[in-house]
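Quick heads-up: it's one chain on its own, the form predicted alone, in structure tokens.
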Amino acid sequence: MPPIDIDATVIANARLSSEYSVLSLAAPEVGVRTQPGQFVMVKPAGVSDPLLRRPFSVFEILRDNKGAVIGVSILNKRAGRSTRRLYDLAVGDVVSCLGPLGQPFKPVASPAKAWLVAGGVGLAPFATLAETLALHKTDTTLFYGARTGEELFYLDFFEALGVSLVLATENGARGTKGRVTAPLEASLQALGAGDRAMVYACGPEPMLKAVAELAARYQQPSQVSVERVMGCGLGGCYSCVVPVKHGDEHANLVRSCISGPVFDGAELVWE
């Protein structure tokens, strides 16, 4: 379905910490169109600073108690002007919202396993993907890394879907001490002959590069969601290009807002 541009009312802004929040928007028209991995471009309505909207993966498809779609949420980290404004929004405020945009993840079904690798706010596209995988009855594991244990969010949400959790923190407070790629590699090494795991990843680009290279080393496929600065989200400004190649051909620059943000990890050329 094509994206739509609406003014969406804030229906909740749950502060998870002093830096993170989940902003819920009354945007049923966007929610019913969204597939896992797609994103929206948002900014508070009526403001000129910042001038441009900012891209966010759709975190949740929000539904009422009868199951009808009523909106979407985004996972926000307060880091700059745009994200501070979003963190400070209150119920009843209005947000300009364009979406859904971009190419989604391709879910796998049993007997393949689904391994979701999230770093920090890279958790964002995996709530909707985990729900879809649960419908497919796919054996799913979330490899989730953060700086501290307090920055590991929504664990109960994923466990309720039957997702197995493998955690890593830089300070060692929860799970493995260090980067999330360490337990991922251990799990890849433990795969049996003939086992197949689709490795999905979202997070900082160095993590994506490491995940894609690990998946390729152990002959497993990967899908990665890149995080690039986007001026428009519609392919008009060319601010979000990434190099991609197919097979032995030369790399071509493509716009991640329309050719991505989800790519085959084996086809991205890591700079």
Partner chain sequence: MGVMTPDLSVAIGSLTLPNPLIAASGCFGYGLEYDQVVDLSLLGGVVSKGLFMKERQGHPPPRIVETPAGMINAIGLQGIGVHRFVKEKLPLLRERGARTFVNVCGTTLDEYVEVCKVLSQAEGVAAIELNISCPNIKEGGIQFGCSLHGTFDVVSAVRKATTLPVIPKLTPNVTDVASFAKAAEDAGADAVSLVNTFLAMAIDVETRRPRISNVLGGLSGPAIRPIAVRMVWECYQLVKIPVIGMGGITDARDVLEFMLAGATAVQIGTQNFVDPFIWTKVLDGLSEYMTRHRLASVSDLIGAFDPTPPKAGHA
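The term rigid core refers to the maximal set of C-alpha atoms that superpose within 1.5 Å between the two forms. Numbering follows the first chain given and starts at 1. The structure displayed is predicted, hence computed values, not measured ones.
Only in words, not in the display: the form predicted together with its partner chain, which the text now covers.
- Contact with its partner chain, judged by heavy atoms within 4.5 Å in the predicted bound form, is confined among 219-227, 42-50, 65-73, 206-214 to 42-50.
- Its partner chain is not shown here, and in the predicted bound form it never comes within 4.5 Å of any heavy atom of residue 32.
- Heavy atoms of residue 253 reach within 4.5 Å of its partner chain in the predicted bound form, making it an interface residue.
- Its partner chain is not shown here, and in the predicted bound form it never comes within 4.5 Å of any heavy atom of residue 265.
- The shortest heavy atom separation between residue 108 and its partner chain in the predicted bound form exceeds 4.5 Å.
- Contact with its partner chain in the predicted bound form, judged by any heavy atom within 4.5 Å, is made by just one of 98, 86, 188, 198: 98.
- Along 205-238, these residues reach a heavy atom to within 4.5 Å of its partner chain in the predicted bound form: 228, 229, 230, 231, 232, 234, 235, 236, 237, 238.
- If you fit the rigid core between the shown form and the other one, you'll see the Cα of residue 246 move by 2 angstroms or more.
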